[in-house]
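One chain comes next, on its own, written out as structure tokens in the form predicted on its own.
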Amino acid sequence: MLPWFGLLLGLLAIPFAFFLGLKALIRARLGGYKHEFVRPDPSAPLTKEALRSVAVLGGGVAGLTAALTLARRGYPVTLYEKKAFLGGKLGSQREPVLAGQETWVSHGFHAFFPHYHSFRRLLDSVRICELESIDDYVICEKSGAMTRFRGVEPTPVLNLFGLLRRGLFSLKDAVSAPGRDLYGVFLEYEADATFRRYDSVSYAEFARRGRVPPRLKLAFNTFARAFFADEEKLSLAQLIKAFHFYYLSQDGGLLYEYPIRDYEAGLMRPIAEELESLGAEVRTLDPVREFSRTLEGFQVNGRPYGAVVVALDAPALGPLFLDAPGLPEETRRRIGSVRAGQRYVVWRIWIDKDIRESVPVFVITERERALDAVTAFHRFEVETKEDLKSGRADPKTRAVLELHCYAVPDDLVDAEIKPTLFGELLRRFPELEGASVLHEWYVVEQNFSAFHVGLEADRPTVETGVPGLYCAADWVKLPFPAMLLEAAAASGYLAANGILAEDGLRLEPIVTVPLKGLMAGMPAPKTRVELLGA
């Protein structure tokens, strides 16, 4: 080897070694990217005779996780679900597409991130369909420009330079006031301190006082809208938690996987079949109408149970628990006061034009007033492709798109939602101009949990303080950072563990991301306190 060439390699190795050392230092500071929150005692028994009966109220991801976990341990489980299908927001139902023809329609596209440790454990424990990886995380701006995140270094903190390189903010924004005084909050996540300081501040107020640059604000908005709230309503503490969970506590990056089959065939049917094979009673179309605590345990719809897992959606809690007989007043108040967020919309349309090939199967859109995301189901979902190939759908169909509004503005009346969504779709994707809607499936719901300003202090935890009664849902305050599908699955395992612990049985393992941010414990700068009052 020529001497100069060896010297060149040596010089190139210096920054590379520094880069690797920095990555190792960040990982060490966070204590690794996977934390064992529950490590089961292998000497504890898995099951025992004469286990008490358990009622699981709600058949979403949290309820299914708890029900399946307990049924596998031998508990007699009854699962109550008001709808005809399981899965909640991960569920599917049969819908007509042509005269005499039906198809499965899922309740919105969902991303399965690599750091969804509890949710992934649930998936791995059942027969599920093949997952595919999204090729890019893309935000379609109002101008038509695409902000892409493929190739961004996934290591926490270093990935912030990826945002810098893509022009979401400048070095001047980061080192000049007020940004230098405010942006540190995203590296300092620590549950108690973060919520004590910032749960009373809205994300909109933070963005205004911090003069957040438009393109960085766009990135923050994608995290904010995922929690079904407008900027003025969303708690800044919840946004800090989200940014920690999705971007600054794990090295998997923003790319994710998604199932290529409908949720019913790929996930819910296998779960239901296993529950029934284990002797569990799955009662769909059976809403919980009555709940009370008795001397012997609990009663649900007039039937006795030894333990209960509450996994209902937010709107169902107040009518059932605010006056539930036998419960302590504080328990009734906490569970019964859980609030729903804003309305959201899922609109699937069969149209006679297709969007351009360069658009990923799922793309986030910079909202004008309503459109938050577009999914191209005809490009990946097996059932949709079969509908088009077999003639179950209109033969003129060229695309099957899902338009999603995560938080419908309060002043947007129902009659205006569809034309607003469709107009924004055409402005983002002008190649669809003149497209006709051949068929549609449309739903407006208001059943997602509110993560609004000031709600965290009264949010229920998994443990209610009443023996045998546990909560499991994405609205539960967890002892570690988790959100959306991961929060639902993790709370299901925690609720099951509560019952297992009471009965002296082995707990289920739980793995989580780091509990604290890289700079947790740092004192807030005086200027930040002056700007935010926190």
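None of these values were measured; they are calculated from a predicted model. Residues carry their position along the shown sequence, with the first being 1.
Keep in mind that the form predicted together with a small molecule is missing from the display, and what follows is about it.
Peer 1: Using heavy atoms and a 4.5 Å limit, would one call residue 247 a contact residue for the small molecule in the model of the complex?
Peer 2: No, no contact at 4.5 Å.
Peer 1: So in the model of the complex, does any heavy atom of residue 481 sit within 4.5 Å of the small molecule?
Peer 2: Contact check for residue 481: no, nothing within 4.5 Å of the small molecule in the model of the complex.
Peer 1: Are any of the heavy atoms in residue 199 no more than 4.5 Å from a heavy atom of the small molecule in the model of the complex?
Peer 2: Judged by the heavy-atom cut-off of 4.5 Å, residue 199 is well away from the small molecule in the model of the complex.
Peer 1: Closest heavy atom of residue 55 to the small molecule in the model of the complex, within 4.5 Å or not?
Peer 2: Close contact is absent here: in the model of the complex, residue 55 is far from the small molecule, nothing within 4.5 Å, heavy atoms only.
Peer 1: May I ask whether 33, 186 and 219 all come within 4.5 angstroms of the small molecule in the model of the complex, judged by heavy atoms?
Peer 2: Spot residues vs the small molecule: no contact at all.
Peer 1: Look at the stretches 152 to 160, 199 to 207, 308 to 316, 416 to 424 and give the one with heavy atoms within 4.5 Å of the small molecule in the model of the complex.
Peer 2: Heavy atoms within 4.5 Å of the small molecule in the model of the complex occur in 308 to 316.
Peer 1: Can you pick out, from 406, 350, 429, 291, the residue that has a heavy atom within 4.5 Å of the small molecule in the model of the complex?
Peer 2: Residue within 4.5 Å of the partner: 406.
Peer 1: Quick one: of 346, 282, 98, 340, which gets a non-hydrogen atom within 4.5 angstroms of the small molecule in the model of the complex?
Peer 2: Selected option: 346.
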